[in-house]
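The form predicted on its own is given below as one chain in structure tokens.
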Amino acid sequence: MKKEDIIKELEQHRDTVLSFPNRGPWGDSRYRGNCSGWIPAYFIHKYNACNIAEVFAGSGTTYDVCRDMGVSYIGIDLNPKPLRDGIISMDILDDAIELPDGFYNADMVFLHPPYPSIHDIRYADGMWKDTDGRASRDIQEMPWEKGMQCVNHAVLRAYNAMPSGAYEVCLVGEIRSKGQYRSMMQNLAIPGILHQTFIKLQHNTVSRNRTYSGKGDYALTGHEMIAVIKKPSGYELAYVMPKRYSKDIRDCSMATWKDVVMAVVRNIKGEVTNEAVYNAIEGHKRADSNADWKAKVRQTLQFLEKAGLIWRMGIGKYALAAA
């Protein structure tokens, strides 16, 4: 495709919602999970990038875009036999292997990582033949938490190599799998400065033709997210690494007595008595922080009754108010 025609199309897009129904003439359209070539093309043009590096180069889409736009390209991919000459077979998770030299003068690095825990898309022994046991290093095959740790490892490795002023563009998905909804964007490590975020609308997806079981409280996912990270200078590696915290509300310092007692009432199976509430709270930090905690429980139950959140059924007996 001619460069002037590419630029003409790209200059119609002026906000942070990117919609390209046509994936363009780039890459192998049979390669599952690849994105429209208009996405890397947009950011190449937006940031006047001349030297592009890519992690998870896959179908060769970005390689083909760079060829048509006349910019330098180097890519890496786990595939032992990459689909383009400009892509090197490499495991980004192996820190003993140095990144190619082109990453060190890239003014933009593009990453569209595999989406962990989506098992109806296969790369190892799907898109390419696994001849040496690489499937165990394929992020697509990993459970969610391990997969996201590896995605973030790749993001940080690429960032380490980038010169100051360069951009790291990460295209990630919102995943619904086995009844759970997970956001890659929410769990993405952001080194340097989060320069801007974009929404990429999805078109012609397989999921739109499926019927999902359940109560219908999910909408079909019609977008992906793009984080643009800018490296401000050469030495620092300042990043946010998302971490999941899981606490029992009865041990949480920021929970009030009203929060705790109401949570206990909601979770008691059977009759709600003072003793049942005591037993549910005893031994937890909330009780340990107050020498007269049982009196505090009784007082809180009275407050909840006055608020109409629980009903008194007798002396020291309560029930959750009807919704």
Ligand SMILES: C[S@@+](CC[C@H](N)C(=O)[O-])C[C@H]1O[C@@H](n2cnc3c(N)ncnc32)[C@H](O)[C@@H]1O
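The numbering used is simple: start at 1 and walk along the sequence shown. Computed from a predicted model, the values in this text were never measured in an experiment.
The form predicted together with the ligand is left out here; the points below concern that form.
Contact residue in the predicted complex, from H112, R250, K231, K200 (heavy atom within 4.5 Å of the ligand): Looking at H112, R250, K231, K200 one by one, just H112 meets the 4.5 Å heavy-atom criterion.
Position in contact with the ligand when the complex is considered in the predicted complex, options M185, L93, L156, L194, heavy atoms within 4.5 Å: Selected option: L93.
Heavy atom of Y123 within 4.5 Å of the ligand in the predicted complex: Result yes; Y123 sits at the interface with the ligand in the predicted complex.
Any non-hydrogen atom of C35 within 4.5 angstroms of the ligand in the predicted complex: Although the ligand is absent here, C35 would touch it in the predicted complex, with heavy atoms inside 4.5 Å.
Any non-hydrogen atom of A57 within 4.5 angstroms of the ligand in the predicted complex: Judged by the heavy-atom cut-off of 4.5 Å, A57 is in contact with the ligand in the predicted complex.
Proximity of I139 to the ligand in the predicted complex, heavy atoms at 4.5 Å: Output for I139 is yes: heavy atoms within 4.5 Å of the ligand.
Interface segment, criterion being heavy atoms within 4.5 Å of the ligand in the predicted complex, picked from 72-80, 156-164, 241-249, 95-103: Heavy-atom contact with the partner occurs in 72-80.
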